[in-house]
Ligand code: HXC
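Coming up is one lone chain in structure tokens, specifically the form predicted on its own.
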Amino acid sequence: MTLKKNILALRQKKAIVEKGGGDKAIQKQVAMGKMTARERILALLDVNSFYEYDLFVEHEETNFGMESKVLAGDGVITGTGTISGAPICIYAQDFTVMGGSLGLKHARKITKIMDHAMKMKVPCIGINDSGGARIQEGIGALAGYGEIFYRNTMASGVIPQISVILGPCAGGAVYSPALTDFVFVVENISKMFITGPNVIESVLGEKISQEDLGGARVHAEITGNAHFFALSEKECLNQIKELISLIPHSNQVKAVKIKPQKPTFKKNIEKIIPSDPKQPYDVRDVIFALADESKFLEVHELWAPNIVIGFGRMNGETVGFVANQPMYLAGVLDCDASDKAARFIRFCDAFNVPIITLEDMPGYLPGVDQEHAGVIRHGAKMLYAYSEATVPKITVILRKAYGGGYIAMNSRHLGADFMFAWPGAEIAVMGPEAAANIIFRKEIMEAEDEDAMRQQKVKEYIEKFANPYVAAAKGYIDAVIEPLETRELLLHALAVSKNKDDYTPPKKHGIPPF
């Protein structure tokens, strides 16, 4: 054959394989309100930047009639491309090809692109849309999952790993997303569960829909398995683009710096926090008042809302924000909030992202339910994460900092590099009213007017203990600052700590309270 004929044959062969499961299967995919695997990749990446690998890989199974089945690309598309000019590796399972089921060759295509991402030190994005293990391949499919999980673990902390759930992701398949850094889900499209509704009904006699069992909202609001929630695939893909623009592409570099911008938030930072310490406010307003262009990409927005985490920029460089949210449960720490913050802190530390902590919390959530749920163990995760982190760590106490919560929110005692407090900050073992009731119990009970005596003793306690100057006098707070000075001091602290080199004792690894 001439070169021209060879090229023509190649183009024809590619056109057939690129059709995936064929026109009928594609129409069915579209009817479910879903994009095809190839459309998803092309919509996410820069125009004309996608280069596909292993297009012609085929399965080798001969049992159960599989020898006669030709599966385009073995049900998964893999390759490289760019997002806003930044190189990434990507794979997308193709539900039009045998339900996107995973066999050994399918898995090997995925592990190959994951290995490539590790070598090239670029993020790896996996789009999941699969009915699960290809049962015709038996142990081969299970081996494939195991090889993916192993690489997820080896890549952890080396390159960012992003999972996008755009269809079913069931059984053992769910553990790959669980091992990655960020999971994206879409309303009415994403489904994640270990055991399907049919099995639950047959074993437990309970009827439940896929959506109620493991839909997008379930994982975004209840389980915490999903970090980002979207109402459409387009919105989801835009969220991924924004995240990629903010995070470093490996643990060997810092996030790309852009032109510094001033905050555009109109509200005066001095007017955000109410004068009444019992009144709530939205701590995101403080973040908007501090971050460049007042832009903030919140992570886990719908889960454990008593703590806020996410990425913003200061002086053009990416920082991670961790902040108590007084709008929900007064900003206390509980099991879920501790898990949420600890994992985010560890991501920031692994990928050279400075951490800014905004503190306003009355302590840990009390109650039998929390104690029985293991709040001691979960709360310890935050202590461990902050203590272990070697990136620049800066804390601003906005209002309340009580008890163990004061310690947990990146206190000087856990290695904070800079500690600032606003003038109205209350730093104490517990709230002034509770403390006064204990310390001055006898005086209050013996007083003619107990309420008046109680208020007098509360005021006395605040003056002696519940203020930032006691901590500042002991050197635990570096400076008591005016709210308007906050951004300037944060920028200075970030600049000073840019080349921070923190000593950690030699060891194979620590043992966090998982």
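Keep in mind it's a predicted model, so treat the numbers as computed, not measured. Residue positions are given as counts along the sequence shown, with the first one as 1.
Keep in mind the form predicted together with hexanoyl-coenzyme A is missing from the figure; the text below concerns it.
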* Structure fact -> From P123, G75, P168, G331: within 4.5 Å of hexanoyl-coenzyme A in the model of the complex by heavy atoms is P168
* Structure fact -> The listed residue (I135, V368, A178, I438) that reaches within 4.5 Å of hexanoyl-coenzyme A in the model of the complex by any heavy atom is I135
* Evaluate Q210 for contact with hexanoyl-coenzyme A in the model of the complex, applying a 4.5 angstroms cut-off between non-hydrogen atoms, and reply yes or no. => yes
* Asked: Should Y145 be classed as touching hexanoyl-coenzyme A in the model of the complex when contacts are defined as heavy atoms within 4.5 Å?
  -> yes
* Asked: Do G316 and hexanoyl-coenzyme A come within 4.5 Å of each other in the model of the complex, heavy atoms counted?
  -> no
* in the model of the complex, does G172 have a heavy atom within 4.5 Å of hexanoyl-coenzyme A? -> yes
* Asked: Does hexanoyl-coenzyme A come within 4.5 Å of a heavy atom in each of M32, G99 and F149 in the model of the complex?
  -> yes
* Have a look at 80 to 88, 240 to 248, 383 to 391, 99 to 107 and name the one stretch with heavy atoms inside 4.5 Å of hexanoyl-coenzyme A in the model of the complex. => 99 to 107
